[in-house]
Ligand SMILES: Nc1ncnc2c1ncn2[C@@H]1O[C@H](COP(=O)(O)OP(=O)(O)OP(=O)(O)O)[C@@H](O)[C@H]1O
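The data below hold one chain only, encoded as structure tokens and taken in the form predicted alone.
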């Protein structure tokens, strides 16, 4: 592995996931480095979203789901009996594919998470909202219309708002599923720049089918195929010198 264990934020051990009779993940073993961006790549159906949801126990919102193996956050299993799942999901935030703002004001969208975790004082909520919007570069664009509906924002602004909503509870890990879905090139570039900035503060895992995007934003790459981990390593190494023929075929566009 590219880094020592002390630098690993999340450890995935023999992780398998079933939706009913369908196996979405098969014996995944992976160490996700702290303070870096890891891209999870693979074609549609490879298990990228399932892996991200497994890292924060969001798969349990589906019916008939069975998870085997371990996910360790700072050395402690998030699937341990009796663990506070709400706290796990605060520490490991998930930005789902095609995120949609709540049909509330911009302020209430960002304040939703802090309120959920017990922050009630208006001054504290104001600070959280301002901090989060500044962190995603949206504060100057919306500071005079915090009481307006978040649904009135542009697609690119909505995407950044949803990231602001995720970081408002100050997670340690940020999982981002296909961050540029349905965005124009300018908005996509802003999201990618934002990911580069956010990895200075968070451990980031990005699921993407876009090879160029993975190359631009990530420090490490994990390639999944049919629910299995094929290859993992520093992005520069995997892209330039893939060890597995399947990885090479996928990266070069010959994967079928």
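Numbering follows the first chain given and starts at 1. Please read all numbers here as calculations on a predicted model, not as lab measurements.
Keep in mind that the form predicted in complex with this ligand is not shown, yet the notes after this line are about it.
Although the partner is absent here, residue 209 sits close enough that one of its heavy atoms falls within 4.5 Å of this ligand in the predicted complex. Contact check for residue 97: a heavy atom falls within 4.5 Å of this ligand in the predicted complex. Using a 4.5 angstroms limit between non-hydrogen atoms, residue 45 touches this ligand in the predicted complex.
For residue 38, no non-hydrogen atom is located within 4.5 Å of this ligand in the predicted complex, even though that partner is not displayed. For the marked spot (105, 139 and 153), a heavy atom within 4.5 Å of this ligand in the predicted complex is absent from each of the three residues. The stretch in contact with this ligand in the predicted complex, judged by heavy atoms within 4.5 Å, is 49 to 57, chosen from 213 to 221, 49 to 57, 188 to 196, 26 to 34. If you take 11 to 36 and check each residue for a heavy atom within 4.5 Å of this ligand in the predicted complex, you get 19, 22, 24, in sequence order.
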